[in-house]
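Quick heads-up: the structure tokens below are two forms of one chain, split into structure 1 and structure 2.
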Structure 1
């Protein structure tokens, strides 16, 4: 299998359903956070990377109750793997709005994997770029190398985080959470080894300038 995703920006209405679905599927943590080790303690002291004693949701509730801005709190505790960016142009009443999506493109020759000193970032045989968080030392090399600015730091697990195309769902024959949730069909997922899907990708990329192709 060669998984791939098409994002048709002409169909995107900026609702953010894909972002919410991704957070709930991949980044909402149950149970207790891992105990902070030596590396986590050093990172906390050197670069201010926080160590939490509660799950992100409980931590978020506590902070909002203390009067902190909800959007800032959620942004810090749930670093999204995909993000819908809104761009406005023109002046009232002739204002135009466009959306583009910040997400890992799972590069064939992934620069993030080349620069990782510990092998934490790797590419699966299907071509999905992954992160082994137990090997990550948060050096930031992969974040700098990423041409799409699609990597962030998971402050909960104290490691780099990114889109995985919901690999765990793909293995079960399911669609990535963002694709399944999109109400307008802006995101389409399939197997490039399937001739019908490959033809669909080719047609979309040739006929539409506002299409992201992720493989």
Structure 2
């Protein structure tokens, strides 16, 4: 079993449904964040390290009401494992627009896993690049090593966060949240061991990864 995602940029209308679904699935739905550990609590008391106790929405309400900048607060609290960014080229009227998707490509030979000093970043036997958050020391090496800018910080767990291909969903036979919601079917998901699915991947412009782009 080799799970993989195809993103057909010819079909993407840049609506951002994937972004919203990912945030709602992987953060909002989670509800209450984990209790901060002893070390975090100590650091918080000693050096004033911020502790986030409430759900992202409640935490954001509290902070914005206190006068903090909503953009900064929400950007920090709601992690965007995937984003869609418009890229324009050419001169009027010969203009081309492409929607670039920020997302972990789940590289077969993942540089982020190579540089991780604690083994927090690992690759599952199915080829999904994951982070064991309890092992992560937020050294930032993986963030620098990632060629796709696909990693961010999870302030709740004091760890690096990234796309998991919705492993928790695909294990149950469900599609990743972004694939399921995509209104035009630009994101599809399947098994590379399935010849039919594999045939689709042959049109992709990248190799040795698990998120394939068709342009």
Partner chain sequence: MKSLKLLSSETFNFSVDGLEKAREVGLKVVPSICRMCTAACSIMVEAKGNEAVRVYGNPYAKYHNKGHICPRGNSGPLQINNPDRLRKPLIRIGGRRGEWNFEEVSYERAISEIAKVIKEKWDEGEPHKVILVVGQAAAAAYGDPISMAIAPTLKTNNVISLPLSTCIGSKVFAWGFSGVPGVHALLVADFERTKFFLSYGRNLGGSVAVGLTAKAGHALGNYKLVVMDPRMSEWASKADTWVPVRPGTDLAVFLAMTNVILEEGLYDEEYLRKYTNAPMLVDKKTMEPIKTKKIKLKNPLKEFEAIDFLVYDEASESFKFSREAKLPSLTYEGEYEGKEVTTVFNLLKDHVKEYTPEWAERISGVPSELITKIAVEYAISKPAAIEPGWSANKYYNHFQLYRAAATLSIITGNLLRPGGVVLSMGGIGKVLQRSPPPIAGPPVAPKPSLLYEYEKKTKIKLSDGTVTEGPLIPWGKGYHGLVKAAKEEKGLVIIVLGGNPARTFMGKAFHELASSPNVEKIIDIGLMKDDTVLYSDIFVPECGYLERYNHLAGIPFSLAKGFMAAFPVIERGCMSMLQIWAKVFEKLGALEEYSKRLGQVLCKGCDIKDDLVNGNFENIIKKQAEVNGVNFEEIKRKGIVYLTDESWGLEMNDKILKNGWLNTASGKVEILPIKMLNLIKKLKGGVIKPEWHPLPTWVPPLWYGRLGSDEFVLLTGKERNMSYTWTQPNPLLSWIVDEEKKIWINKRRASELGIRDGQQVEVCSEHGCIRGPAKVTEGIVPEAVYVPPNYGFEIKLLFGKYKDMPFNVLQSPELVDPVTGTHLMADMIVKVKGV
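Between two forms, the rigid core is the largest collection of C-alphas that superpose within 1.5 Å. Numbering follows the first chain given and starts at 1. Quantities reported herein were computed from a predicted structural model and do not represent experimental measurements.
Structure 1 is taken from the form predicted alone, while structure 2 is not.
Residue 105 is not among the residues whose C-alpha shifts by 2 Å or more between structure 1 and structure 2 once the rigid core is aligned; its shift stays under 2 Å.
The rigid-core alignment places the CA of residue 66 2 Å or more apart between structure 1 and structure 2.
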